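The chain below stands alone, shown as structure tokens; this is the form predicted on its own.
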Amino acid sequence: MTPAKNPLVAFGAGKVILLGEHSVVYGYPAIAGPLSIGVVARGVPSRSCVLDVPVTADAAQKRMMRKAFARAARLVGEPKVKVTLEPQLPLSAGLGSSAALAVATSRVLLQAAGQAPTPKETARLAWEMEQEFHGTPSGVDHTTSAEEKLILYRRVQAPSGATGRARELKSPRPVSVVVALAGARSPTKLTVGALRERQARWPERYKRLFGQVGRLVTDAAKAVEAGDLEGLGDAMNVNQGLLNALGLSSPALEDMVFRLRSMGALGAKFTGAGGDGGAVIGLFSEPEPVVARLTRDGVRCFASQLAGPRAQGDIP
């Protein structure tokens, strides 16, 4: 295959799960939305198909990135392109950094191979990379990033393996969150593995809890489409309570949840795997003053609009 002729640039959005993390792995629905920040991938002509891994990655991360890249590259004929990555997201914070990387990289590989980087084709290629990163991911992260829309997602089992179905959720009002980092996050595999052990030991108890989360997600989806931000926020608060009941929260996460609520959040919860720390999201009608105040207090944070009408000139 001939080298890519022109420099290529692609973006992969990070993500937050508004409701339904963990239970989505067991076939229950989740609501997830794309962030305004993520990973930028750039491709330039090269003698071979190669990934220039970020210097900030440790040895294990570099090996995993190269394996994932090689897996995706083989599926598009290994176009002669050198891909470099510019991460904007904090790594391992529950914000879909690996999915954003996979989506951005997949878009560059598809373009370099002369194929259109449609959401469907991008998601197909990114899914291969995500399996290298996580083994058996739910699929919600890369789907959200590839679609770049607020979605209602459910994992389904097909003859060819696990896959997912997504439906866009449209809101007549802006759905905006403040994302704040709290504590040091535990590895996802440890958090998920410990929950899986408890679920296997007391299956009926955990099935009831997952079922309650699933019903909350359905209620929240209706609230989004009705523009009922108060209803959505309340569902987020209840979901946080259930995540705590599932043994997934921590003092650092709970402190940030209550801090955001005290600042006027309509709802607040952690997003992602949970554990000792990670990202906490708060639903705000006016997030900018909250970001300014938290930043002054030394909290790493940012705001992002996930759905709804945008002010003229806003970047989607």
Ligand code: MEV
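We number the residues from 1 along the sequence you see. All figures in this text were calculated on a predicted structure; none of them were measured in a lab.
If you look for the form predicted in complex with (R)-mevalonate (MEV), you will not find it shown, but the lines that follow are about it.
*Asks:* At 4.5 Å between heavy atoms, only one of the stretches 133-141, 233-241, 215-223, 75-83 reaches (R)-mevalonate (MEV) in the model of the complex; which one is it?
*Replies:* Going through the listed ranges, the match is 133-141.
*Asks:* Just one of 192, 152, 246, 110 has a heavy atom within 4.5 Å of (R)-mevalonate (MEV) in the model of the complex. Which one?
*Replies:* Only one listed residue qualifies here, and that residue is 192.
*Asks:* Of the residues 303, 10, 307, 25, which one places a heavy atom within 4.5 Å of (R)-mevalonate (MEV) in the model of the complex?
*Replies:* Going through each option in turn, the one that passes is 25.
*Asks:* Does any heavy atom of residue 17 come within 4.5 Å of a heavy atom of (R)-mevalonate (MEV) in the model of the complex?
*Replies:* Residue 17: contacts (R)-mevalonate (MEV) in the model of the complex.
*Asks:* Do residue 273 and (R)-mevalonate (MEV) come within 4.5 Å of each other in the model of the complex, heavy atoms counted?
*Replies:* Although (R)-mevalonate (MEV) is absent here, residue 273 would touch it in the model of the complex, with heavy atoms inside 4.5 Å.
*Asks:* Give a yes/no on whether residue 186 approaches (R)-mevalonate (MEV) to within 4.5 Å in the model of the complex, heavy atoms considered.
*Replies:* Heavy-atom contact with (R)-mevalonate (MEV) at 4.5 Å: absent for residue 186.
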